[in-house]
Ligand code: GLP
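One chain comes next, on its own, written as structure tokens: the form predicted on its own.
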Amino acid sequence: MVVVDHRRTSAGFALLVVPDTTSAALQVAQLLVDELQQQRQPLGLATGRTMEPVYRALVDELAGWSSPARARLLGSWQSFNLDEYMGIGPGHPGSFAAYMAHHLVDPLGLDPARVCLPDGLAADLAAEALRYSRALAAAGGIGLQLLGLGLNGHVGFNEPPCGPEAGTRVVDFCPTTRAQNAAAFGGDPAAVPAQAITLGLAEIRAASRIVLVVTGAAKAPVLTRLLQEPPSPALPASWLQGHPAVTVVADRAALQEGPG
């Protein structure tokens, strides 16, 4: 059983404080299960190291379900990922399509067609961004949007500076982001693609509900900024403050707190 300290921040977020990364993953996995049980809109999914334990916890949770119950829950699955690197396809191990296949599609037996991502090999990147945005809108928009928090304050790949009106588009990475994502490319930031297509803050903020997962001491400085600073283009995640239903799940390390 996860011990959760429920708080409300001055920025208007529901803050769920858990002891550690494992507890955060269990808490978020349960939120995803709850959403799937009443899913009326697609899930908005994220990738990266923060999400790996979350997806393991979700897979482990559903492994304990009976086959009929599991089939009912997963039969209506539809999700849209936040982003995909440009210039690499799903066969590249560093792509987010490969990440989703490894962490969710294969373990859960999902239909890959219902786990949507931008096409990283599209010839016309601007047209692909528009297509992806329109596909999401046609599906009814995001129900629950799962987010991580970048060290420079990005959500999705909305790099600073970024305003709340930014839509789905092609983005250029800053050096911090390429370094943060180098692990999937042999540890070499220069091997990380220079561009991606990302859902914009406009689509993220249009989600019915947002769950932001922040774990580890390395994220403490940017989480402090998010919880204390007013909205600003310099901190793209700060535009979440205007959303009526944001839950931040953070471990004590990210909040710079000792064991509770």
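Source: prediction; values computed, not measured. In this text, residue numbers run from 1 along the sequence as written.
The same protein has a further form, the form predicted in complex with this ligand, not shown here; the description that follows concerns it.
The stretch that touches this ligand in the model of the complex, counting heavy atoms within 4.5 Å, is 175-183, out of 130-138, 161-169, 175-183, 116-124.
This ligand in the model of the complex comes within 4.5 Å of a heavy atom belonging to residue 219.
Under a 4.5 angstroms non-hydrogen atom cutoff, this ligand in the model of the complex has residue 50 among its neighbouring residues. Interface residue remark: residue 143 is not counted as part of the site for this ligand in the model of the complex, having no heavy atom within 4.5 Å. In the model of the complex, at least one heavy atom of residue 157 sits within 4.5 Å of this ligand. Out of the listed residues 46, 227, 235, 36, 46 is the one that sits within 4.5 Å of this ligand in the model of the complex by at least one heavy atom. Taking this ligand as positioned in the model of the complex, the residues of 141-156 that bring a heavy atom within 4.5 Å of it are, in sequence order, 148, 149, 150, 154, 156.
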